[in-house]
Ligand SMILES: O=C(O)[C@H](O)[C@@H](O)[C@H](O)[C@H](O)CO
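What follows is one chain in structure tokens, specifically the form predicted on its own.
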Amino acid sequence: MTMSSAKIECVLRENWRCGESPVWEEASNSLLFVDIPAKKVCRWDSLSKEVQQVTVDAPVSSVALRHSGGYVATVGTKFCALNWEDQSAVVLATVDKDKKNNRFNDGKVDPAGRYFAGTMAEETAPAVLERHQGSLYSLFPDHHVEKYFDQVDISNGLDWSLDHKIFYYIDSLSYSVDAFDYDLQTGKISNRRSVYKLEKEEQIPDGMCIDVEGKLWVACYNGGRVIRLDPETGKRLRTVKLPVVKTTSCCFGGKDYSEMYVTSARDGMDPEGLLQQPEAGGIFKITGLGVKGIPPYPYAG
């Protein structure tokens, strides 16, 4: 099989400080994403090319669709419901109350409608932080929270296998993509193991998504690329390089989920780096990958 040649374009050159958590909303033909330090949840309309923004009161690290309408987001150490029309956020639950320096990082909804998200210590510089301060949580549809484990450095990319029996997860500073056995009925996870260790030039594993063939795509922070992995063999299948180094996360979207959207960051770059990478912090669209993704799951609560 020959690799299809991918086309990469910067569809949104707004130079976000730290773009993250891209999610495709089919109903509005839009890409949702956040700018963590700017405390913004953004929605880019792929037809009109316009961006709407809602500003919240703390760093916002992930956003997800909500079955009953609107969105959910992780804001500071809170799981929140977001009403786009009146730009209000309602707190559903709070975690890490004993850790004043913590905030949520990446989050995603599981196939049963639970919102999984993990925490980390606030950084003093990108990827520089107090170690082992984070935990992984899930907000259930009835708004109760379960904690899975702690001692996390930077809680990041997450997704579920197509048969819903495996949960994939990244703790960035372990430089590993891990898998757990996953019970869809209870939301319980067990039997942690590594399915891929990153190569040195791949740098720091960040956001992640799965495709219709069950392969994982991981955005490599400081690596300027997304890589496609086979979680069963532990092999890297493909590398797609981008024109910016701080690639943060990826998701499938667009027509039939055949396009990939990649977020990026500019925080932590020096003036020279920004000159060399004028699109740093932009949102990129990759077409021609030859594989599709699956729609995101909405939060059920």
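Predicted, not measured: the structure shown is a model, and the values here were computed from it. So that there is no doubt, residue numbering starts at 1 and follows the sequence shown.
FYI, the form predicted in complex with the named molecule isn't displayed, but the following is about it.
Among heavy atoms of residue 36, some come within 4.5 Å of the named molecule in the predicted bound form.
At the 4.5 Å threshold, heavy atoms of residue 120 reach the named molecule in the predicted bound form.
Although the partner is absent here, residue 231 lies well away from the named molecule in the predicted bound form, with no heavy atom inside 4.5 Å. Residue contact check for residue 113: none of its heavy atoms lie within 4.5 Å of the named molecule in the predicted bound form. The putative spot formed by 103, 126 and 156 is fully lined by the named molecule in the predicted bound form; each residue has a non-hydrogen atom within 4.5 angstroms of it. For the residues 204, 227, 136, 82, the 4.5 Å heavy atom test against the named molecule in the predicted bound form is passed only by 204. For the options 71, 196, 160, 221, the residue carrying a heavy atom within 4.5 angstroms of the named molecule in the predicted bound form is 221. Per the 4.5 Å heavy atom criterion, the named molecule in the predicted bound form is contacted by stretch 18 to 26, the sole one of 18 to 26, 5 to 13, 274 to 282, 287 to 295.
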